[in-house]
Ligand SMILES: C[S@@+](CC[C@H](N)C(=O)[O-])C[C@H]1O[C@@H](n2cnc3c(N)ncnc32)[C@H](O)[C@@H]1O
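Next comes just one chain, in structure tokens: the form predicted alone.
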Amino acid sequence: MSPQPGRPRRSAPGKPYRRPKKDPVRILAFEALRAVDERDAYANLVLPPLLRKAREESTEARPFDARDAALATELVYGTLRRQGTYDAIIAECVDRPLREVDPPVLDVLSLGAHQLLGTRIPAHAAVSASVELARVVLGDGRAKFVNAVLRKIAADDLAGWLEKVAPPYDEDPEEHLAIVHSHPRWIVSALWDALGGGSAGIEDLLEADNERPEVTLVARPGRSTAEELMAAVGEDSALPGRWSPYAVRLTEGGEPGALDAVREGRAGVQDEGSQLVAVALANAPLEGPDERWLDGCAGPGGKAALLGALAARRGAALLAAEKQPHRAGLVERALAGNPGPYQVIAADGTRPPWRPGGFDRALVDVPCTGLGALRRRPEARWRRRPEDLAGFAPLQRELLRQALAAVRVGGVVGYATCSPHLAETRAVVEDVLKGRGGPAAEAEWIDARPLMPGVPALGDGPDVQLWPHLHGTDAMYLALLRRTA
């Protein structure tokens, strides 16, 4: 008589059945990966509530401490960053196409592969912990499959596996880099083109995409200072920003929300590249009045909060517009307490409610593929497709056209995007200036490089592309334009 479905199989005589050990760290990591896979969630949004729940449900006998949180975070982000590499290795160790492996099983295998190949966890411990996780979340039967596959993976280290699964660089450089550095091939090709071709920099960039980014704070001018943040964090746990006078880098992680300045809105979490874009727009040379500023794509509010603080110091007013009402609410929260006049509205920047020519400065940080923030959102590289570019293209061009129409003659517009893809950066600006797909904008380039003093490797200009491997920032792009007629 076969055992009933769902019941554990009876052990052989003399070997009592042992219930699997529940490891809260690995169960949490598995739940996060499932949310990313099933719901298209983002790890940076899924993980904090899971960690909070784990802390609340822990006991004195089994506390969930900072080391547990750090390990869970590493398992989630490390597995997502290296997913492409681990998929290629797992495919060599199973007897079926990878698409035929159940996604929950593949998640457990990927977590195990990361522990074996991407951490210092001993091989026997990595396999044992992964098999126990499989017993808890998959059942004993599929745990045996997990055990067999991970033992095959444990037979070699990462370098050895890469020699087996990646083609030689000389034969197929893009596929070699895609597997070794865990990026889709089309993204490798796009980043290579954006760097200008040639071999210089591409491996450094791909490696930087796979590193955990620092948490960077911004001290909003007139409300807090970088020195105040440094003192609050402690000099042993923080460093000044590399380029922005308002930046502080947290060297040991920590919880930014625990700082008074962050809780009170006088400071925030903001990548240094994002800060540089806002500061460059604010400091661009301008003749005539400098009284009305516009952020036409303001959500979730980081740049708007910095622009609002900079505008307040000059007596200028900021209008922050965001199409999605819930994101407009985030902008409102970010700007709350700003010392100068500001207004937040829910409005579509392609159909603006404001009158043309009414602003002196305008920023449009347009929706894009987000290929410049793969360090922070590693799952995005596996979700994006080349055809996504065509979907964003009309929106990006129209937002820039409307921003140019929003400023007066002599006014300045900043076009920004967190993507280095040429189709989302210079091609957009050139198309708008030449009238492709719409009326030509009468504007001229402003050299943005002098407006980022001290920042090296800014290229030939007049626009600026920042890079993770060169500047330690997200790959932010900025073009500055002056309306001429």
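Bear in mind the structure is a predicted one, so any value in this text is a computation, not a measurement. The numbering used is simple: start at 1 and walk along the sequence shown.
There is another form of the same protein, the form predicted together with the ligand; it is not shown, and what comes next is about it.
Only one of Val127, Leu205, Leu399, Leu133 comes within 4.5 Å of the ligand in the model of the complex through a heavy atom, and that residue is Leu399. Only one of the listed residues (Val146, Val412, Val366, Leu116) places a non-hydrogen atom within 4.5 angstroms of the ligand in the model of the complex, and that residue is Val366. Exactly one of the stretches 148 to 156, 318 to 326, 166 to 174, 284 to 292 approaches the ligand in the model of the complex with heavy atoms within 4.5 Å, and it is 318 to 326.
If you check the ligand in the model of the complex, you find no heavy atom from any of Ala373, Ala380 and Gly472 within 4.5 Å. Using a 4.5 angstroms threshold between heavy atoms, Lys303 counts as touching the ligand in the model of the complex. Shown alone here, Cys93 lies farther than 4.5 Å from the ligand in the model of the complex, counting heavy atoms only. Although the partner is absent here, Gly296 is a contact residue: one of its heavy atoms lies within 4.5 angstroms of the ligand in the model of the complex. The shortest heavy atom separation between Gly349 and the ligand in the model of the complex is within 4.5 Å.
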